[in-house]
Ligand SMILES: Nc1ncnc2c1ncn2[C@@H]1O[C@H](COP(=O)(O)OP(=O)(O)OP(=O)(O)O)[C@@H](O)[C@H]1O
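Given as structure tokens, the chain that follows is alone and in the form predicted alone.
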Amino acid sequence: MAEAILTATKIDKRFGGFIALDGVDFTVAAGERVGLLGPNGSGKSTLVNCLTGALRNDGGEVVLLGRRIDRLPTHQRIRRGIARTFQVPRPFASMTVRENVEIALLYAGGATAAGNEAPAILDQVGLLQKADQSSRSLTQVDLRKLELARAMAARPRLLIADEVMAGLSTAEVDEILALLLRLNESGVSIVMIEHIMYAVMKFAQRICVLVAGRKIADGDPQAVIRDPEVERAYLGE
């Protein structure tokens, strides 16, 4: 297996008396495609927020590219190589598609290259022909592509794709899958959080499952989905 690009060890997170994460270990290897699964309320979003800086973990540590990052603010984590998308795309509606990407490039520290890099990123996600359109005119699938483009503007080594296929048709899901696979082939490690199981099974080389803040399975996708504890979590007794 390739060297780990991300190692999260014994991650704890509590909200008052509620235990959201209980000693979760999570790793991603360089170039790997990982599916992060779990029922609603399992702790997936909390884990992602702890990895990316939206939340501070109460225990454990997060190491990215050999350096601990769990006490850094979000923007510093982004500049060290981790980026994410959000479940609900919220581009700047008053800006064009290109301007939305340029803003993301500036935030990621690329002030001198923002204008030059935006077209290449838009081409990468299939939006170059719509660069000068208002972002408010985009279809749902194109909004997802723009969300990916804004994340890629951070030049990440690790991308966390949070339900980028929600609400899309089967053909659109396949389109986003192909895009994610191309991004992975370009050298980006990707964690996919998704409820569309066929997409996860087609994409992921490894699956990690959280239930009630605990990791209950981590391994080969076919083996994980046949795990009795995973079946109980999704289907009940």
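Sequential numbering from 1, following the sequence displayed. Everything numeric in this text was worked out from a predicted model, so none of it was measured.
The same protein also has a form predicted in complex with the named molecule, omitted here; what follows describes it.
Practice problem: Classify residue 117 as contacting or not contacting the named molecule in the model of the complex by the rule of any non-hydrogen atom within 4.5 angstroms, answering yes or no. | Solution: Heavy-atom contact with the named molecule at 4.5 Å: absent for residue 117.
Quiz prompt | the named molecule contact at residue 163 in the model of the complex, heavy atom, 4.5 Å | solution = Residue 163 belongs to the contact set for the named molecule.
Quiz item: Going by a heavy atom distance of 4.5 Å, is residue 217 a contact of the named molecule in the model of the complex?
Solution: Judged by the heavy-atom cut-off of 4.5 Å, residue 217 is well away from the named molecule in the model of the complex.
Exercise. Please run the contact check for residue 186 against the named molecule in the model of the complex: heavy atoms, 4.5 angstroms, yes or no?
Key: No, residue 186 stays farther than 4.5 Å from the named molecule in the model of the complex.
Exercise. Pick the stretch from 59-67, 42-50, 199-207, 165-173 whose residues have a heavy atom within 4.5 Å of the named molecule in the model of the complex.
Key: Comparing against the named molecule in the model of the complex, the contact stretch is 42-50.
Quiz prompt | Any residue of 6-30 that, in the model of the complex, places a heavy atom within 4.5 Å of the named molecule | solution = 15, 18, 20 sit within 4.5 Å of the partner.
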